[in-house]
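One protein chain, two forms: both are listed below as C-alpha cells, the first as structure 1 and the second as structure 2.
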Structure 1
C-alpha cells in the first residue's frame, strides 16, 4: 500500500478546519485510508541517521497516510483533500476540462524506432500554473509516487515534466543508439553520452534501479524539441535544459511507456491533480501525439464515462435498504456524480478521469457501501446450509499428531524451503537425485529449493537445541515437494511423517518401536502379506552401513528408517548418534 506524506497544517488549511489526531484517524478509517504515522522530518532523520544529522531539520508535523493501491487520485495532498472534501460534502467534485490552445497545439511525434523498446507516449500542457514551494514539492512527489506504483518502477510508464517556455515544439519521441545520444542531464553541469550516463548512474542510489529497463537494448528512447534539445531519456532522466522550478509557468508533460492504458491514466492523474493551480482552474491544454503510422490523437483523454446501476442491485449486494436518491447521494460523495433516472430505480453514475479504478458495477457498489459506512451495515447470517467435511489427508494427519505426542515425541514445525545443501550434500546425495523443485529467484541460500524430506528440518532443530536434556525425540508431519510431470504444474506434494531419536546411543530399537506403534495406530499388522508391513535391510547414503531398512506396507515402499551416518550427524553440527524414520502417509488413507 503506498504511503503519502503530507504536512499536517497544510492539510488542515486545505480542508478548511483542524482535527485532533484521533478525529483525523477516524475520518481516514471511515474513508478507507489509514493514518499510519505522525512524525516530522526531524524525527525521520533522527531515527534513520541519528540526532546529530537531524539537528537542523524541520519539525513540522507530518501525517503519513496509507492509500489503497488502486486510488492513484489520492497520492498527493491535492487529491486527498479533494477526495475528503467531496466525501464530507464540503465541495462539489470539480469538472476537468481539456481545451485547445489559442495558438498552435503542441505536437509530440513518435517515430517507429520506439516500437521495439517503449512504443507509447502521451502528452499534455498545464498553462499559467502558479507554484509555491509546497505545491512544487507535491508535484515532484506525486510523480515519484506514480512511478513507484502504477508505473511499476518506471517499467510501464515514465513521466517527464518540462518548462515549456525553454523549449520549442514540435517534439520528437524516437530511439537512438546510446552513443548517439548526448545531453546535459538534470543536476549535472556538463554533457554526457547515454553510455556514459548509464555508467555514472550505476552508483546513483535512486536511478540505478531503473537502468535495467533499457540497459541492454540497442536503442535508447529519447525526446527532442525542434532545436535538438533533449527533453528526456525515458525512463532514466530528464534533460537539465527544460527543468522545472517553482517559477515555471507553463509545463509540458510527457508520459512514455509500454502500457498505453496506464500511460493515459498517469497523464490524467497528473493534470487533474495540478490543474487546480492553473489560471483557468481544472483546465488542461491538449497536446497532439502523432503515431508512426501517421495517425494522431489528442491528450489528455480526461474521459468521463457513464455507468448505469440499478438501486436494488446496490442494496442487494451490500445488504441495506436505501432509496435510489440516497444511494445516488452516497455515490456522489465518493467522487462519482450520480443521479436517479428512468423508472426511478436506475442510477446513472459518472466516472471521472480520476477514478480509473472503477471498472465494474461491483466497484460502484463498494463506494456506495463505504459512503453508507461499513460499520452501519446490519450484520446477518447467511442461511447457507452445509455439512462440513475434513480433507481426509488432514484428518489423518491430525489424528496421527496427537498419538505421536502420546508416544512421547515432540512436534516441531520447520520450513518447507531450504538450501540445496540441506536436502542433498548434507545427506550424501547429489541434488539431481532428489527431484527437488528449484526456485529461480532466492534472495539467500535458505530458499533455493522446496524440501524433499523432512529430516534436515528436524536435524537443524536438534542442532539449535543441543543444550536441551537428552534424549530428544522429535517428529513432524508435513508436506514435501517432488517434481512430477503427471501433474498440471509438474510437481506434487507428499505428506510425510518424520521422527528422530537423538541420544548417547543410536536407539534404533526406539525408532523401530515407534514404527511398530505407528503401524498399530494405522491398523496395519506386521507381516509380508498384502495388508501388512515389514522392514527389509537396505542402504542409503544418509545411513550407517547395515543400520538402514526400507519400510514396506500394504505392498509398497513407504519410507526408510535407520541409524544416521556419522557424516550426516557432523554436517548438521550434531555430536551424538541419531536414528530416524520417514514415511509417506498417503498410502494409509
Structure 2
C-alpha cells in the first residue's frame, strides 16, 4: 500500500477542525485508511542517518497514512481532504469540467517515430493556478506517488509538467537518435546530449532506476515546442527551460507511455486534484492531441459514467439489511453520487473521473461496506460448513522434514531467487540449459533468476558456517522453478528435497544411506520390480567423474546423488569434500 505523508496542522486546517491522534486514527479506519505512523522530518532523518544529520531539520508533525493501492485520488493532501470531507458530509463532491480555451487550443502532435518506444501521449492545461509552497510541494509529491504506483516506476506512464508561459505551442512528441537530442535538463547549468545524460544519471540515486526503460533503444522519445525548445525526454527528465515554480500560473501537463488507458487516468487524477487552485475551480482547459494517423482527440476526458446496482445485491454481499435510500446515501459519502430509481430497488451510481478503481459492481459493494462500517456488520455463522485439509504435497513435506531431522540433518531455508552464476557457472552448466526463469529488472546480481536447484543455497549456507564443527549435514525441502511452455504462466514449480554432507571425507555412503531411509519412509522398495527404486551410474558437470548416480523410482528419473566436483567446491569457497542428494518428491504422492 502506498504511504502518503501530510503535515498534521496543514491537514487539520484543510479539514476545518482539529483531531486528537486517536480521533484521526479512528476517522482513517472508518474511511478504509490506516494511520501508519506519527513522526516528523527530524525524527525520520535521525532514524535513517543519525542525530548529527537531523540537526536543523523540521519538527513539524507528519501523519503517514496508508492508502489502498487502487485509490489514486487519495495520494495527495488535496484528494485526501476532499474524500474525508465528502465522507463526513461536510461538502458535496465537486463536478469537474473540461473547458475549451478562449483563444487557440494547445496541440500535442505525435509522430510515427514514437510507435516502437512510447506510442501514447495525452495533455491538458491548468490555467490561472495559484501555488503556495505547500501546494507546490504537494503537486510534485503527487507526481512521484503516481510514478511509483499506477505508472509502474514510469515504465507504463511518465508525467511531465511545464510552465506554459515559457513555451510556444504547438508541441511535437517524437523520437530521435540520442546523439541528436541536446538540451539543458532540470537542475543542470549547461546543455547535454541524451547519451551524456544517460551516463551522468547512472550515478543519480533517483533517476538511475528509470534508465533501463529506454537506454538500449535506437531512438529516445522527446517533446519540443514550436521553437525547438525541449520540454522533456520522457521517462527520464524534464527540460530546465520550462520548469515550474511557486510563481507559475499556467501549467502544461503531458503524460506519455505504453499504456493509453493508464495515461488518461493519470492525467485525470493530476488535473482533478489541483484544478481546485485554479481561478475557475475544478475546471480544466482542454488540449488537442494529434495522432500519427491524422486523427485527433481532446484531453483530459474527465468522463462521468453511470452504473446500476440492485440494493438487495449490496445487502446480500455485505450481510446487512439497509433500505435502498440508506445505501444510496452511504455510496454518496464514498464519492459515488447515487440515487434510487426504477422499482425502488435499483440504485444509479455516478462514477466520477477520480474513481478509476470502480470497474465492477463488487467495487461499489465494497465501498458500501466501508461506509457502513466493517465493525457494524453483525457476525453470523456461515450457512455451509467445510473441513479444510492440508495439501498432500505439503503434508508429505512436513513428514519428511521431521524424519530428515531425526536422521541427524539440520534444516535450512534459503532464498528462492539467486544469481545466474549460482545455478549455472558454479555448477559447470550453461545458463541456457537450466531453463531458469529470469527476473526482468533485478535489484541486485544476487537475485537474477528463480532457482532451478536447491544445491547452491545449501553450499552457500555451508560457506557461511565453515567455522562450525564438522561434519555439516544440511537439508532443505522447497520449491524450484523451471520454464514450462505448457503451463498458462510459462513456468512450473517442483518440490525438491536436497541434502548435503560436508566433512574431511566425501561421506558418499552417508548420503546413499539417507536415500535408502527416505525411500523406506516413502514405502518404495529397492529394485525395479513393483514400482521400486534403483540408482544407475551417471555423469553430471557438478559431480566428480565416476562418483555420480541417477535415481530412478517408479519408472522415472527423480534425481541424482554423488560426490561434488572439486571445481564446484572451490567456486563456492569451500575446502572440504562434499556429497549431495537432490530428488523431486512430487512423483511419490
Partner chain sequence: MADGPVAELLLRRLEASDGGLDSAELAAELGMEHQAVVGAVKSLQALGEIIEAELRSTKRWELTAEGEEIAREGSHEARVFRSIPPEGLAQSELMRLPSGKVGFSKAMSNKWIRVDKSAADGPRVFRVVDSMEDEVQRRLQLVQGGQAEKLGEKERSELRKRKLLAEVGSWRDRPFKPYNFLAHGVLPDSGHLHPLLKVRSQFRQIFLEMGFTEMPTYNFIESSFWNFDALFQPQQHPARDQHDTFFLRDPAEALQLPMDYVQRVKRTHSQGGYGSQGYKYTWKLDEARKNLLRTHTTSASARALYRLAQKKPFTPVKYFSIDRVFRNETLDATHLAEFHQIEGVVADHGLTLGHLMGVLREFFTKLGITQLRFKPAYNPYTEPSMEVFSYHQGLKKWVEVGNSGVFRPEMLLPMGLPENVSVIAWGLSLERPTMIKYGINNIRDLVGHKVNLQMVYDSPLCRLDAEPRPPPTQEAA
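Between two forms, the rigid core is the largest collection of C-alphas that superpose within 1.5 Å. Numbering follows the first chain given and starts at 1. For clarity, every value in this text was computed on a predicted model and none was experimentally measured.
Chemist: Between 1 and 2, where do we have the form predicted alone?
Modeler: Pick structure 2 here.
Chemist: Report the entry in 444, 384, 440, 486 that lies at the hinge, where the C-alphas stop fitting one rigid part best and start fitting the other, between structures 1 and 2.
Modeler: Looking at 444, 384, 440, 486, only one falls at a hinge: 384.
Chemist: When the larger rigid part is held fixed by a C-alpha fit, how many degrees does the smaller part turn between structures 1 and 2?
Modeler: The computed domain rotation is 17 degrees.
Chemist: What does the CA of residue 388 shift by between structures 1 and 2 after fitting on the core? Give it in Å to one decimal.
Modeler: Looking at the C-alpha of residue 388 between structures 1 and 2, the offset is 5.9 Å.
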